[in-house]
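Coming up are structure 1 and structure 2: the same protein chain in two forms, each one given alone as structure tokens.
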Structure 1
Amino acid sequence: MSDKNKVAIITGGTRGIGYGIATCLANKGFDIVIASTNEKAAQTSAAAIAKEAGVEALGIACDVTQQVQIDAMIEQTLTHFGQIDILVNNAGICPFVDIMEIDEAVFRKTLDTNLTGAFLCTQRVARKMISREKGGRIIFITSLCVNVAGATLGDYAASKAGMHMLMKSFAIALGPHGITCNAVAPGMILTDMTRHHWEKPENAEFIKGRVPAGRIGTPEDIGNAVAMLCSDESSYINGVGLIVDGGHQTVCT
């Protein structure tokens, strides 16, 4: 695969990690589709990326829990660009509700968004990739919660661990078609949503002591990892979960 004129869909790409991924891929020359439940935000983000990186970018409304909206997103992408080369399953939620207090509706919404949404997007995009016979790259954005959890992360951790195994199943099924499937698990990442927390002096000190790299991660750190897995050089990397956390999980205390 060559980066030139390739088309990448990023779900949940209007801000934070998703926007960082979209920006990094655009800077590598990919044309971009930003999918979000907020159509205006998707279009605004796409326009900013197009202007900055000099690529084509399209913003599309899509709720990944709704199969009909996923199908519409795919058809809009194919109508506009004629192809899909990359899918990044980034859309996700984390309610932070204690596992003993969370109700069924919230639990199901987390799994539907994070896990079922990734399944539906991958299955339907992969079918288009297979019929085109040009291969492809599918990336699942998971979490350190693939391996660790907390009392307020039960639904989120279950969904992300499920995504990891879903990725492996798709890697087996799609490998013979030249389509690789891998996961990127972000560590602690500084975004607009988390900045107020991580920039507090005591939390900044925690990062320095806990993360061997000595700093918190950025959305671009995740974007660069995704871009690597989308490159020609990654064609023999399949079914892998890449932890991008500055060494955080290597520290035992």
Structure 2
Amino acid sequence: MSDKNKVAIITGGTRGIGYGIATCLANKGFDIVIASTNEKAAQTSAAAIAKEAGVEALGIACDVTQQVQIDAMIEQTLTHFGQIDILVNNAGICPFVDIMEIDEAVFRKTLDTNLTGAFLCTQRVARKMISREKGGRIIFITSLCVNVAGATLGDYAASKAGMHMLMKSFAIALGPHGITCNAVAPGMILTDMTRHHWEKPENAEFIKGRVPAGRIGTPEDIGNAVAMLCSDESSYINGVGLIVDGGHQTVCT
């Protein structure tokens, strides 16, 4: 068991933005828990991070829609590390189905994963943080869909806007315990979730014209923002949604 480093749980940290967040936090010296539905992928990603950053990292199977699995993941983390300092609610899905065609089951799954999953993980981890009396940091990975939507993003946008308000409610409830809750809202980031769209040449051109930064975002761009909100210097930032989109949403046309 390590007693020198702070411990961060990243849900859905096997790839994409979650892996970028885990890497950035590990490079700052945090020990890491990667929780995803795919145990082998979680263990492989954890091993790569441990090797690269020289921290301890565990990969644990956990479907964030299943409260029993969340409780087991938290217990396994506490048995190994003895503490939880940071939770990043990153696990998410986006089926990209038209709101007029989407099945109820698909709609419910998006809400269950993105919104209810973040609620369950936060409530359960926060209870442990409160009883430890050492504070903590909880980050919600939302989206530009907190502010804008699309015909194929109805379920997703509803889940992300819900996450944003969930974050605020937890910020109020947990602030007195020294636990801050904030959201990071990524813009357009190249990952498995979005690759099918952004790797088309015409869409790559759109990014160059539309995003003032002139490029698509990387998982590390989001990881760096999360690491900043998890730093000791950010202890008075609570209940805030930080847009990390290279300036995309500041453009008026």
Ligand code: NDP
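Please note that residue numbering is based on structure 1, beginning with 1 at the start of its sequence. C-alpha atoms forming the largest set that superposes within 1.5 Å between two forms make up the rigid core. Not measured: the values here are computed from a predicted model.
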Form predicted alone, given as structure number: 1
Per-residue C-alpha change between structures 1 and 2, Arg210, threshold 2 Å, rigid core fit: no
Pro201 C-alpha shift between structures 1 and 2 of 2 Å or more, rigid core reference: yes
